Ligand code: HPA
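First, one chain by itself: the form predicted alone, in structure tokens.
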């Protein structure tokens, strides 16, 4: 057996020993978006620091806890903060939690992030449903394939589940919530992009830019987990004044304001899955 699979099972067994039952749904919460965890009922908090084989998150706005419990009538396991390539972690470490979720039997994954709005129509606080992505991070599947988890050459034609996108659009219409829809581009960070880079990414077809998410999605799809993704637009990366600067505190503050609406959408989606 692949040694990596042994580690996935070891960690999965540890997490399961601290839960009432195996989770059905996984959730990854990005910068400033960890408040969705407050909506989880009957929750068990498992700090990353105590989980075998887990890394520790160092990014501001990422609390570093697994939250197990009930949301929308389903058993969920939420990451209150993720791991990033820019923190110095290998892609194997960045995506390790997704492999563990797959080992636990998770079949549906919700991912979220804070992102800069490249699309000139986007404004701070907008919620963008991710319909596709451009990955400029190292592909997490490089290296020996984990045959027990998935195929050597997984299809990425529809990385974000069309039925789930249709569902959130239906819910948003009923709740009178305006949604954007677009392409998310992931770069390495940790620097924010230059105005020229933002313009270049826009010409490539990106609507929003961030530093995460795509590795998790790639690994989830490799493990045949369906994925729904949403970005909170936390800065307008398409209009630059002489005094404009990107500030991470402002990003987290903008994400906090939008988190309540995103949390409500996730809960309603989970109820209807």
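Residue numbers count along the first chain shown, from 1. Remember, it's a predicted structure, so these values are computed and weren't measured experimentally.
What follows is about the form predicted together with the ligand, which we do not show.
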Given a 4.5 Å cut-off on heavy atoms, tell me which of 66-74, 228-236, 215-223, 36-44 is the interface stretch with the ligand in the model of the complex.
228-236
For a quick test of understanding: in the model of the complex, does each of 116, 198 and 210 have a heavy atom within 4.5 Å of the ligand?
yes
Can you work out whether residue 192 and the ligand are in contact in the model of the complex, taking contact to mean some heavy atom pair no more than 4.5 Å apart?
yes
